[in-house]
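Just one chain is shown here, as structure tokens, and it is the form predicted on its own.
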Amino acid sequence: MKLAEHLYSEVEVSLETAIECGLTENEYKLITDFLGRTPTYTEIGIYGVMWSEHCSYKNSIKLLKTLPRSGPRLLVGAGEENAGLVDIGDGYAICFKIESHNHPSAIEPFQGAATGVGGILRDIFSMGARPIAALNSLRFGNLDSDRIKFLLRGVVAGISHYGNCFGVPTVAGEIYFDDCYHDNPLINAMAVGIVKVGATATASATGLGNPVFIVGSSTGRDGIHGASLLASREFDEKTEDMRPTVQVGDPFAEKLLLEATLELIKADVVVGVQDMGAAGICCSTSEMSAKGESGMSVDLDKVPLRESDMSAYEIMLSESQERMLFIIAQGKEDEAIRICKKWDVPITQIGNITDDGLLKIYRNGKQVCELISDHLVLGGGAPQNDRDSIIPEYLKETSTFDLSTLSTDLSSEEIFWKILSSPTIASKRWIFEQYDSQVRTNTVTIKGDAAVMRLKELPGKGIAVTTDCNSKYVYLNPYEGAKIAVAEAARNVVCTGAKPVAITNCLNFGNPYDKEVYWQFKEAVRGMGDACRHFDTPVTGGNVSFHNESRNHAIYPTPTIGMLGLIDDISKVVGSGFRNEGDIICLLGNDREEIGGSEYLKQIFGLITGESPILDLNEESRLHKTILTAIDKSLLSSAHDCSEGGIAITLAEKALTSKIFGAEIELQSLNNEYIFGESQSRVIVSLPTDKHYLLEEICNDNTVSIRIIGKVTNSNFTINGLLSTSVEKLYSIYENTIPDLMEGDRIN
């Protein structure tokens, strides 16, 4: 295909220009060889964002293709559309996805987090699904730092502001605090929507002559090069200068855009639609054209601008929020305009679909760009690299560390209080009460291992959703740790009574050009893939976020898992807290007294070392089957995954969730490895005494260990030989840790 030989360029382009746009010398040579000429300034900017790590996945796509990406419930393949789509039966589907907004949030926490929420919501409703829930996974440095307190306040305020104003409940999530996230907080935002099967829209540009419309807010200079520079590099002394690359969001404008989008799709006037997120007009025009095997001619003079003197380069690369690109069927333009006017949403035609496969861009009456669309995009002509990898040096030390040499003068009771009051373990109520979790009245509970949402469209049915990853395990063993992340996410939805059906993921790692980091990434993808295949939970899509490091800190490898579970009978949902005085308490699963990577090691010895816990996938599956069968037969009063902090902390959390009931516990061992170890595939349940034999039968049928460890009481919390306290004291310490650290009001 012959490309234009001469185009207008606002600035003379050189190798230095390309490097400034985030490209490498080899990539620039590839571009000039392909074009047969020097690219224009607009073109090199487009290549810079579209071939960036954030948009092209050039260092991850080959490995991502090894993950299980299809299944009988999946209505679209992973990466084929803006979000995953899972058939839940009875003519409906769940649309869900998770993405990162790490780097913007480190620079401007409020807007970085807020626009992360806005972007993931647009991915959902651009497919025709109405958002019904938002979740998040957050990682920060230690709360003894004023900077971290500033980041936490800003991020939480940004998430709550956008979600609350938009009108979607924020129902679940996780928050960890570790030194490694001091410079690079992780802000992973997930959204869930529901849609009728067959009523979805596609992100594809087809139909010669069909008009191209930009719908939503006007375009400004905010967010320029956010994808290619801000999300594709480490932080250094120039980070503060990048503040203008952080987008600014307007949740009220997005709410109107949501309603207009859903009505446009329902009115059958839409041929294709895509959110303008990372890389703005560059991404939506090139990706939609490539997918539709078409071309697009766009006149930037018609794009509504907030600043009239913007160049073609700036308009194409702007990441201004609350904008969508629509392909409208010819002859239906007036209906599309009528609908947008009804919702007071701006709509402007900026171009048309062509059949030459080219992306042609014009500004001030001059052609400034002519590129083959497919050459720009993920899976097309964008680079797909094979990176070198080696086993990290630190693993030689951590994997051989002799944990038996550690000793402490602290009593087990002192250790218990220290772990319970650590910010990673302590109550996050100071945070989640800033979120509206009840808007739209679909929320059943946010207090279990996973949030449960009713589906009003399907009376009696529901879904469970959660986000999970213990990055310390992944740091110590990327393969095993990633398996555990998937297994724990599945275990959490199982504990509510939901069957795990699919995942989305957000893979947060350091510099992929570092051979040790890339080994972590490869092993984590391998572990995730093995676990997903075993649980039959295919990957519906997600996000890769590299370059999460600075001069001083590299994050732990953090493959965050967003899990979806289906509930056939919502009346049988089980919570995590004790419910009835006199119930017996049972531990299901085997204990291996594993403390590698545990909260116990971190809080008492300041160490992240040892071997991570091991995970037997067959053992985990048998536990899932046991719990689901017991819940289906209405045997259990409560179920709670045993994870960070081990048995003692899990039991305390069950009492704390109930707020009323305590427990009398008799443990078989009082050594710290047993009390605070974090062996996998364990759940603590409570149930009426007369149902114990039925649960025992189910456990025996599935070869799952079961042991009575205590009973539910009315107020006190006692573990033999360890501590005896009141639920009131537990509650006070657990609830006030983070407010006290944030110097806020104590919770009464």
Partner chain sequence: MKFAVVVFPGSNCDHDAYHAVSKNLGEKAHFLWHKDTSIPDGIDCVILPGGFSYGDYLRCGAIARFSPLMKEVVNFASKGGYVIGICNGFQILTESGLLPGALLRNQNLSFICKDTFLKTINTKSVFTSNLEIEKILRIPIAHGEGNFFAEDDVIKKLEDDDRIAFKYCNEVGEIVESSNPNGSVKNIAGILNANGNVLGMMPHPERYSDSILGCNDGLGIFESILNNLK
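Positions refer to the first chain, counted from 1. Predicted, not measured: the structure shown is a model, and the values here were computed from it.
Below, we turn to the form predicted together with the partner chain, even though it does not appear here.
Taking the partner from elsewhere, residue 442 is found to have a heavy atom lying within 4.5 Å of the partner chain in the predicted bound form.
The partner chain is not drawn, but in the predicted bound form it has no heavy atom within 4.5 Å of residue 91. Heavy atoms of residue 181 never reach within 4.5 Å of the partner chain in the predicted bound form, leaving it off the interface. Taking non-hydrogen atoms only, residue 437 approaches the partner chain to within 4.5 angstroms in the predicted bound form. Site residues 110, 522 and 524 are none of them in contact with the partner chain in the predicted bound form, judged by any heavy atom within 4.5 Å. Between the partner chain and the residues 344, 144, 409, 386, the one pair within 4.5 Å by heavy atoms in the predicted bound form involves 344. Contact annotation: of the candidates 80, 250, 549, 594, the single residue with a non-hydrogen atom within 4.5 angstroms of the partner chain in the predicted bound form is 250. Contact with the partner chain in the predicted bound form, defined as any heavy atom within 4.5 Å, is confined among 452-460, 389-397, 649-657, 273-281 to 452-460. In the predicted bound form, the partner chain lies within 4.5 angstroms of at least one heavy atom of each of the following residues of 150-185: 160, 164, 165, 166, 167, in sequence order.
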